[in-house]
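One chain comes next, on its own, written out as structure tokens in the form predicted alone.
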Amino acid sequence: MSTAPADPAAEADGATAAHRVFDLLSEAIISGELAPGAKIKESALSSRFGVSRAPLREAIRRLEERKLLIRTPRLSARVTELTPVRITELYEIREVLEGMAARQAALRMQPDDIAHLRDLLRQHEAALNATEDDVYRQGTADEDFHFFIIQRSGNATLVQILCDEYYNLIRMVRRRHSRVAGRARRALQEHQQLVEALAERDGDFAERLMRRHVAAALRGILGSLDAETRTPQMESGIAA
């Protein structure tokens, strides 16, 4: 039995559509428009994005690879839920791997890379000074301090794990838990200290600073979650 030859133009259009839907769904999940635990309804999303089921399912498959969606046997995919245990596991992975990335980046970064990081932090500081909401915003990969250091580590496996597989999940945690009191200013200072270690090519110190930085972020997030849990109990007269 013969098969019809593949249409390269149709395949390219399908890949483009899948990429577009992947980006749109990623932002909807990260922003909270699609709530944690929400069921992914293919028919509704196909109509919403004006695509057929094939590119939509490819986008969903990629979102599952990036841990933004979870599929259980015989059930539809659902938006991942960021429990304290899940966040802790993610940040423990970050602490180790980003520490390694900082160590390797310290040995490989060029003067232009250090200048770029310093300029990036000046932009972050200006944005922080321009608002009173005490939130450290890193909107895109191009603006992301951590993303740049990981890329400059020169380690393709670290880049794949942290910038591809886990990056959007990390962004999701940041977006949902960005209002830890006082954390934005401290994070900026920690970034500035890290840049100086990178500029000195001190891999040991850069790794220690990065690990402390990620661990401090986790403590802030867990403390904030604990406070959120206690507040409703206190308001209802239940002792924490």
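Just count from 1 along the sequence shown to find any residue number. Remember, it's a predicted structure, so these values are computed and weren't measured experimentally.
Heads up, the form predicted together with the DNA isn't pictured, but that's what we're talking about next.
Engineer: Can you pick out, from S76, Q110, T157, T131, the residue that has a heavy atom within 4.5 Å of the DNA in the predicted complex?
Structural biologist: When the DNA is considered in the predicted complex, the option within 4.5 Å is S76.
Engineer: Would you kindly say which of I40, A197, V173, A184 lies with a heavy atom within 4.5 Å of the DNA in the predicted complex?
Structural biologist: That would be I40.
Engineer: Within 4.5 angstroms, counting heavy atoms, which one of the listed stretches 205 to 213, 26 to 34, 62 to 70, 49 to 57 is next to the DNA in the predicted complex?
Structural biologist: Flagged stretch: 49 to 57.
Engineer: Answer for L218 alone: is it within 4.5 Å of the DNA in the predicted complex, judged on heavy atom distances?
Structural biologist: No - in the predicted complex, heavy atoms of L218 and the DNA never come within 4.5 Å of each other.
Engineer: Applying a 4.5 Å heavy atom distance criterion, does A17 contact the DNA in the predicted complex?
Structural biologist: Answer yes; at least one heavy atom of A17 falls within 4.5 Å of the DNA in the predicted complex.
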